[in-house]
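Presented below, as structure tokens, is a lone chain in the form predicted alone.
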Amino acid sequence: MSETKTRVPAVPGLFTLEPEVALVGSRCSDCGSYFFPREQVVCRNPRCRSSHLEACELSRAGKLWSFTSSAYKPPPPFVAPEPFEPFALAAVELEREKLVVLGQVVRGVLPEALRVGMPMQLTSEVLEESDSQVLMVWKWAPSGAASIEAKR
């Protein structure tokens, strides 16, 4: 990756990269419900239905709630390395919001290395580069002692 290229999220508005990678969700100021991706019209809580929603950065850490393997190459616009490499998908319960967010796990960590309940951390990886910018995606990675175990 070149130092002169600008790093940008592959999907604008879904997450930020500065100062750290963070998912952008929303919070209902009336009932306190959180949403990801961001809700901008009306609270999805059927008991609330307020329109008082505010954008917020969601927790960068959580616990692995569930996971699976993707052993096939998803169709475009998904960008996959060639040759295709199977990858893990994780459902992570966010630390503060208790919201479960689905996402891809970092390269090199397959389902065999994952355990329900293990701590996970939000991170980012390069999706692809153009002449002027680097498209980034957010991913989940084992954190703390779990990251050491996942690398074995």
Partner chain sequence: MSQVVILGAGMHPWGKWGKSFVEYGVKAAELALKDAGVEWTDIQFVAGGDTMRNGYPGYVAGATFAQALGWTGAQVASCYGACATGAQAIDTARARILAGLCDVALVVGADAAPKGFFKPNAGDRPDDPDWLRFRLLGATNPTYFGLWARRRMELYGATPQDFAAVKVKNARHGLENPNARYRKESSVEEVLASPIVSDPLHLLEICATSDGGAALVLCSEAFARKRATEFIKIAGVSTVTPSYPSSVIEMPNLATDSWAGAALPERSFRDSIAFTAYEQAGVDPKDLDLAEVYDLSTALELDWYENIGLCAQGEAERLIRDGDTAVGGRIPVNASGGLACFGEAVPAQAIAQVCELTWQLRGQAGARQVAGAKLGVTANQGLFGHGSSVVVSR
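Since the structure is predicted, the reported quantities are computational estimates derived from the model, not experimental observations. Positions refer to the first chain, counted from 1.
FYI, the form predicted in complex with its partner chain isn't displayed, but the following is about it.
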So which of Ser59, Gln121, Ser124, Ser33 gets a non-hydrogen atom within 4.5 Å of its partner chain in the model of the complex?
Ser33
With the partner left out of view, is Ser66 within 4.5 angstroms of its partner chain in the model of the complex by any non-hydrogen atom?
yes
At the 4.5 Å heavy atom threshold, is Asn45 in contact with its partner chain in the model of the complex?
yes
Ser70, heavy atom within 4.5 angstroms of its partner chain in the model of the complex
yes
Glu85 within 4.5 Å of its partner chain in the model of the complex, heavy atoms:
no
Just to make sure I understand: among 75-103, which residues lie within 4.5 Å of its partner chain in the model of the complex, judging by heavy atoms?
Pro75, Pro76, Pro77, Phe78, Val79, Phe87, Leu89, Ala91, Glu93, Arg96, Glu97, Lys98, Leu99, Val100, Val101, Leu102, Gly103
